[in-house]
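This document opens with one chain alone, in structure tokens, the form predicted alone.
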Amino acid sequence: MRHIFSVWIFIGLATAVWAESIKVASLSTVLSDIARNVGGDRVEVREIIKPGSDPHLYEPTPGDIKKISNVQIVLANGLGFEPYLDKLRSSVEKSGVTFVVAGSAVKPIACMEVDHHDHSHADNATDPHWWHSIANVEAVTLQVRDAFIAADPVGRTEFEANAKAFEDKLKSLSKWVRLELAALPKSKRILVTSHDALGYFAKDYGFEILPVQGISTSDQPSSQKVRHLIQEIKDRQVKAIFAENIENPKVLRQITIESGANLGGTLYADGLGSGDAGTYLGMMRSNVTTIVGALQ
């Protein structure tokens, strides 16, 4: 009888621990990965944006709003990346959900170019793709850590240790990236990409971005811009252009044929992918390896 009673006590304690997990809804695959690294077993992450999807085209469904209403914390990019964010806040405000917006923890930069001919967010020139700077990811890691501590003070020690461990990995990643990119002279640090998403990467590592589309994948380039880009690729003898994992616009094929540049491979611009690119560390390593291999 005593054994049975002990088992029930154990089950009760296990249930209590499980019930204390922070429920988090994430509007970003990168933020999902940060949350898992910092939160460990004390956090349950519900991915609203899935790997491999185009977050620029996402609109919250009634089912998504219901999921978000039943969590304690929502993780969002901010900086205009989610144009629906204010409306979403209003939809779930009565449920007491806390929004943690990564954009408030980083130093935003302007998008690399604003092309008024193809409507590339002329009224909002802030680049929302903050995660392509490892320093920004470190800042957001601390922001997420503090949000988790506020929601679960008992887990402070665990959250702090997890965040420190992830920070150490990010610092190692930063050193690796700089060593890899050392193989590329300044004259070769030109990235022709599907859309203008790698501005933070370019700023950190001295690249120039020549995007086909604007800051969003929904921005379509004018024929004049495409002709100008093809000529610039020829004039500057750019070796490769890069597609993205979420789309490969037909215009890229036209540019490779007419410019003589090669298709350099696939980059992860708007979030994580699958397999080795399914984590932030893996995604950055994949992008850098692809860039160096194509431009050397």
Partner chain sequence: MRLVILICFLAIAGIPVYLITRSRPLLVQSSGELPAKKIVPYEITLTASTPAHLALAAVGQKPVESSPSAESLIATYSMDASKPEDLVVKARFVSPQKNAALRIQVQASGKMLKDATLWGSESIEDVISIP
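Fair warning: this is a prediction, and the values are worked out from it, not measured in the lab. Positions refer to the first chain, counted from 1.
Form predicted together with its partner chain: not shown, discussed below.
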_Only one of A135, A125, L184, L142 gets a heavy atom within 4.5 Å of its partner chain in the predicted bound form. Which one?_
L184
*Tell me, out of K87, R189, K169, R156, which residue has a non-hydrogen atom within 4.5 angstroms of its partner chain in the predicted bound form.*
R189
_Check all three, E47, K50 and D64, heavy atom within 4.5 Å of its partner chain in the predicted bound form_ = no
*Just one stretch in 264-272, 37-45, 226-234, 56-64 has heavy atoms within 4.5 Å of its partner chain in the predicted bound form, so which one is it?*
226-234
*Can you check whether K203 is within 4.5 Å of its partner chain in the predicted bound form, heavy atom basis?*
no
*Flag R178 as yes or no: does it have a non-hydrogen atom within 4.5 angstroms of any non-hydrogen atom of its partner chain in the predicted bound form?*
yes
*4.5 angstroms heavy atom contact with its partner chain in the predicted bound form for D146*: no
*E160 near its partner chain in the predicted bound form, any heavy atom under 4.5 Å?*
no
